[in-house]
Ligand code: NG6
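Only one chain comes next, encoded as structure tokens, the form predicted on its own.
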């Protein structure tokens, strides 16, 4: 979009408490020129993985510049402690447990229904060019899809004009890029076949042929070997379309830079969802980033991601659109060290704390599972600050709808636009958080964690899961590490929060399934 001056009326409208009392007025009065919006979504990045939040052993100057030039939220949340559910909530504005969303295999059908309202669809209807570049992991097509034909539905069928994605994750097959529903670079004479249960005759695997791997699997990642890396799931064919792991960050970044450069020349604003793969496994930094941290490959890919952020900002400035571009940056869930490969993430951790002092991590109902980096940046519109407002990625739908003047609604998204723009320190009042089908209730400074059956620790990833013998109440402001259960000292508060939780979540909240890593 061409560089324009965005009216200051939205800022004026939100001063004090008037914006909170009358959200409708802010949208009706303010939006005459709409800003570009970029949602940068990282994968398994912990709250403590940024320098501005205390990271050690890896430098993140570009992440830190966004945080220091915008709003660094200390109470920013993903909806869930795993990727597919969080992405579902962020992209639809609906709690993922309503859809029974779980971590999907790469062969899964599309989780989002084509009739659903989506964040991209709302912005598309509001006059935006929309694109997603990077990780998807919300399913594609149908159960019986043919990877060698056009895949329907795909992201283009739920609100995006353009999509350039990986189907699931870097460690899952198919290991190919998909553009607008078609596999990129596919040779029709070498068709792709995918099976998540059985290997194909004559095909090697990480389990049976470990000598052929260049990265050793620890748990789960022992199926097809592609580029020397054993994956989750079996894949045959498609050799001309297989991605290069070490070039993935550059590849996606190139697509992002081209998109911004081209769309900034148009009169229509754009919404870009840049879903980065770092620091998810397998951690395969480009050779120029190897050794950039003292933390091994996990730290190196965080440094690589930081460089990508710097290049993104350089492209925005060269296009002359920085003052009319809102950037939201976050992560789909909390951190994990050993997530299936031996890559020295544990051995080289040193005194770095990816959790940032929080308890748990990816897969966990404790706070570190969902409490993630959350930054908003808009040069000249957002004043640099740190905010304690409770905000969730699920709230992007309602908040951005207000920003662009859309009347579309989603089921669970709340309008926290004043908090995102820094004109209010108040966010949402409460939030249901999810970790592998188990849910907890955050309200104010407190989090209520029901008792759930299951192991206390997943020994494969060495993370506390938050399965408690009795209901727990924690004051996260006074005890962010969740070391003291204060439920017995506060029986009335417990009953109040439990009643609210059940009324919102339903009485069947204890119907859960155990975490199974594959």
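Positions refer to the first chain, counted from 1. Since we're looking at a predicted model, the values are computed, not measured.
Keep in mind that the form predicted in complex with this ligand is not shown, yet the notes after this line are about it.
- Only one of 481-489, 38-46, 445-453, 60-68 places residue heavy atoms within 4.5 angstroms of this ligand in the model of the complex, namely 38-46.
- For a residue to qualify, one of its non-hydrogen atoms must sit within 4.5 Å of this ligand in the model of the complex; none of 162, 263 and 312 qualifies.
- When this ligand is considered in the model of the complex, residue 438 lies well away from it, no heavy atom lying within 4.5 Å.
- This ligand in the model of the complex comes within 4.5 Å of a heavy atom belonging to residue 220.
- The closest non-hydrogen atom of residue 371 lies beyond 4.5 Å of this ligand in the model of the complex.
- Contact annotation for residue 363: at least one heavy atom lies within 4.5 Å of this ligand in the model of the complex.
- This chain is displayed alone, yet in the model of the complex one of 395, 434, 171, 300 has a heavy atom within 4.5 Å of this ligand; that residue is 171.
- Site annotation in the model of the complex: the residue of 339, 306, 402, 343 reaching within 4.5 Å of this ligand with a heavy atom is 339.
- Annotation for 277-295: interface residues with this ligand in the model of the complex are 280, 281 [heavy atom within 4.5 Å].
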